[in-house]
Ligand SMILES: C[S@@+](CC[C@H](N)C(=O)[O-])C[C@H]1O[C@@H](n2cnc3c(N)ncnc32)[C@H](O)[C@@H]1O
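Okay, so here's just one chain, in structure tokens, the form predicted on its own.
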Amino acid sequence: MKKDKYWLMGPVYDALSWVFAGNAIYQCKCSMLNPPHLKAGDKVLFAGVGHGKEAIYAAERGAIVTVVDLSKAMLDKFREGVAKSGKTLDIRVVHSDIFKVEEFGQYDMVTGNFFLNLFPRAMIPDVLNHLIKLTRVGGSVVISDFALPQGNPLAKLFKNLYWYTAILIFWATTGAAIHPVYDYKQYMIDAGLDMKDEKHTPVLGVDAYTSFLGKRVA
């Protein structure tokens, strides 16, 4: 069996995220998981869920949750988080490559939180299109990730340094692709999504993370 690339990162991902961003990453991941975008009874899929505190957040609010991750180390930490919640939650755990999940048109919302950044640029349209296929027509696709470096020169410099520090850590521990911050909004528009909302999460007064929500129209 192929070695889990996240065997080193998996156990410490949440702790490292806290050191790197405080509660900002979690806030960004949860920013679209409330009314009017998400309501009790909605079926939600989290692709590349990792430790998945946001998936637990959604389930606590009545969502019917499916989480998918290729990493057993990540899913082990996710299960620990579910157990620590002390609640009976409607969560299904799938240990798989997202491309092998073919429940097309089954979900009211599909999320890729800090997930697309793990792929090389050439794969982004294919990954995003697969997430869209899993979403029902009229459902939502949510992409949350590092913010595109914009603003004044100092803000751009901060965002670039912040991003490359993170991706170099992931490259060293998991072999993730090294690349600039992707323009997720443009990818979503190019994929035919009807963009409905975007929310920004600051770190040290700079919008470091962004969450985009688009509707599948066909």
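We number the residues from 1 along the sequence you see. Owing to the predicted nature of the structure, the values given are computational and were not obtained by experimental measurement.
Separately, the form predicted in complex with the ligand exists; it is not shown, and the next lines address it.
Engineer: Is residue 49 part of the interface with the ligand in the predicted bound form - any heavy atom within 4.5 Å?
Structural biologist: Yes.
Engineer: Looking at the partner-bound form in the predicted bound form, is residue 115 within 4.5 Å of the ligand by any heavy atom?
Structural biologist: Although the ligand is absent here, residue 115 would touch it in the predicted bound form, with heavy atoms inside 4.5 Å.
Engineer: Given that the ligand is not shown alongside this chain, does residue 147 nevertheless sit within 4.5 Å of it in the predicted bound form, heavy atom to heavy atom?
Structural biologist: Result no; residue 147 lies far from the ligand in the predicted bound form.
Engineer: Find out whether any non-hydrogen atom of residue 135 is located within 4.5 angstroms of the ligand in the predicted bound form, and reply yes or no.
Structural biologist: Answer no; every heavy atom of residue 135 is more than 4.5 Å from the ligand in the predicted bound form.
Engineer: Where, among 135 to 143, 116 to 124, 85 to 93, 102 to 110, do residues come within 4.5 Å of the ligand in the predicted bound form by heavy atom distance?
Structural biologist: Contact criterion met by 116 to 124 only.
Engineer: Which residue among 64, 169, 70, 177 has a heavy atom within 4.5 angstroms of the ligand in the predicted bound form?
Structural biologist: Flagged contact: 70.
Engineer: Taking the ligand as it sits in the predicted bound form, which residues of 74 to 99 have a non-hydrogen atom within 4.5 Å of it? Please list them.
Structural biologist: 74, 96, 97, 98 sit within 4.5 Å of the partner.
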